[in-house]
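Next up: a single chain in structure tokens, the form predicted alone.
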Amino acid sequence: MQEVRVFAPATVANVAVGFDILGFAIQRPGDEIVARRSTAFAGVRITAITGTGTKSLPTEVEHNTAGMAVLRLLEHLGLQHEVGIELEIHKKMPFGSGLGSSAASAAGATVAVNVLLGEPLTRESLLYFTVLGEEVADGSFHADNVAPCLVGGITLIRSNESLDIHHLPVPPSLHVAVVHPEIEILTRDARAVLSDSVSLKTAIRQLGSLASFITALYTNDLPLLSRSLQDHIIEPQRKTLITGFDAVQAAALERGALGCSISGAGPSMFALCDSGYLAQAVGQAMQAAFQQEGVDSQLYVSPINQRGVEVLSTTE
């Protein structure tokens, strides 16, 4: 194999009730990553980064999520001094959007290089290297974006330290509207506003919501899922970073969403719905609410993406 091109989807992390331990993949937007062999050098080089707002993204391998993930993969395989890999990163989602942009680049790059090398590792085995790449972006070792991006579906991370990851059932009618307002919030900044302490009463309420959310997925109980999508810890602290948050959330719920909250670190907001038609209507209502606040936005409507990173093409 000489060249592999992949698509890595955007993701919604936290899912209101599961800070750093829940995430799911959507169909669009996403990144395209190209990996190709080179005989001119050994190791990893990033030859191109394209897309809006990418001028600030580093091409130095050690400071780039995709580059670091691939470098650690090659080191694990003992090939860092034997194989030359060129990476092209084509960003097709907003930077600092709360849609797992850095995770998509890392996951896409590791899958592309693994295929390029003849797939010596399983998809699940790539997770560790992908998280190491993601860590470059925000300084935190967590898999709530990279896991669903890599393998698709809704994922539960029992432990980020050991990367004990589990697939959760996806109700067949479940769709999501994701609205990205023209606001930038970096993950590091969104983490900086969070308190290190939570009251016992609040923790109990959040644990109840998380447990019932997972129960709802296993039983396909959408009314229970709707009652469960209540974030008592993170949302109250972060929502002030998003202009018009309360109005947008209210618009989604009034239009019939099962629940609405912040996607990842924000500023994107997601609303889970029980049909694609309703998700479209809910998304438009959310956009209208943002517009009332003078904020332009982009809307993405999607079922839950069950595939994760997709191989688009290979060249022998």
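Just so it is clear, the structure is predicted and the values come from calculations on it, not from any experiment. Start at 1 and count along the sequence shown; that's the residue number.
A second form of this protein, the form predicted in complex with ligand HSE, is not displayed here; the remarks below concern that form.
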| item | value |
| --- | --- |
| A265: touches ligand HSE in the predicted bound form, heavy atom cutoff 4.5 angstroms | yes |
| Close approach of T130 to ligand HSE in the predicted bound form, 4.5 Å, heavy atom | no |
| Contact flag, R238 vs ligand HSE in the predicted bound form, heavy atom cut 4.5 Å | yes |
| Proximity of Y300 to ligand HSE in the predicted bound form, heavy atoms at 4.5 Å | no |
| Stretch from 78-86, 209-217, 139-147, 105-113 whose residues place a heavy atom within 4.5 Å of ligand HSE in the predicted bound form | 139-147 |
| Among the candidates R72, R205, R191, H90, the residue which, in the predicted bound form, approaches ligand HSE to within 4.5 Å (heavy atoms) | R191 |
| Residues within 4.5 Å of ligand HSE in the predicted bound form, restricted to 8-28 and counted by heavy atom | A13, N14, F19, D20 |
